[in-house]
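Listed next as structure tokens is one chain, alone, in the form predicted on its own.
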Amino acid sequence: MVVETHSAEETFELGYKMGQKASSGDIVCLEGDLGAGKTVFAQGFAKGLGIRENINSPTFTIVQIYEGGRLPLYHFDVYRITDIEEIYEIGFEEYFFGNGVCLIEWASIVHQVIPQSAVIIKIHKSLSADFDYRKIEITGFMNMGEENENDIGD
């Protein structure tokens, strides 16, 4: 599925809708260049889970845990991981196979540990389009929740 957004608010709203539909055990992988909108999407996703805390990219901590929503959110940023052993050292299995939802920025860096059931979201900017334009490719969405993808792209 491909969704086009034309503002940070629309990217946030897409994340919000997907967060509302997320289920325990879901793993959502975010890919995109620096400044593509991964954190804006993550903020919307967290709000969709009912989390009220301010969501920032956990670049220096690798994983940030947010509770207080209908499900815990384990927000990973693996940008700084240089060796796959680092993801094992933080005990990723506890999060991936726990009762919450994992949102992983730069997931391709640790592709070896990402389950096939993960939802993959690729956010693309276009230099030839409007500054706020994003093309967002979503694969594996049918694994999330019980709603169909038509409810997300609207």
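Since the structure is predicted, the reported quantities are computational estimates derived from the model, not experimental observations. Residue indices: 1-based, along the sequence shown.
Only in words, not in the display: the form predicted in complex with adenosine-5'-diphosphate (ADP), which the text now covers.
Task: is_contact(M1, adenosine-5'-diphosphate (ADP)) in the predicted complex, heavy atom dist at most 4.5 Å - done: Close contact is absent here: in the predicted complex, M1 is far from adenosine-5'-diphosphate (ADP), nothing within 4.5 Å, heavy atoms only.
Task: Non-hydrogen atom contact L127 with adenosine-5'-diphosphate (ADP) in the predicted complex at 4.5 angstroms - done: Contact with adenosine-5'-diphosphate (ADP), no.
Open item on the list: Contact with adenosine-5'-diphosphate (ADP) in the predicted complex for C102, defined as at least one heavy atom pair within 4.5 Å: yes or no?
Closed with: No, C102 stays farther than 4.5 Å from adenosine-5'-diphosphate (ADP) in the predicted complex.
Task: 4.5 angstroms heavy atom contact with adenosine-5'-diphosphate (ADP) in the predicted complex for E137 - done: Outside the cut-off, so no.
- [ ] State the residue from V113, I62, A36, I109 whose non-hydrogen atoms include one within 4.5 Å of adenosine-5'-diphosphate (ADP) in the predicted complex.
- [x] That would be A36.
Open item on the list: The chain here is shown without adenosine-5'-diphosphate (ADP). Which stretch in 62-70, 90-98, 47-55, 26-34 comes within 4.5 angstroms of it in the predicted complex, by heavy atom distance?
Closed with: Contact-bearing stretch, as computed: 26-34.
Task: Contacts with adenosine-5'-diphosphate (ADP) in the predicted complex, stretch 1-24 (heavy atom within 4.5 Å) - done: In sequence order, T5, H6, S7, A8, T11 come within 4.5 Å of the partner.
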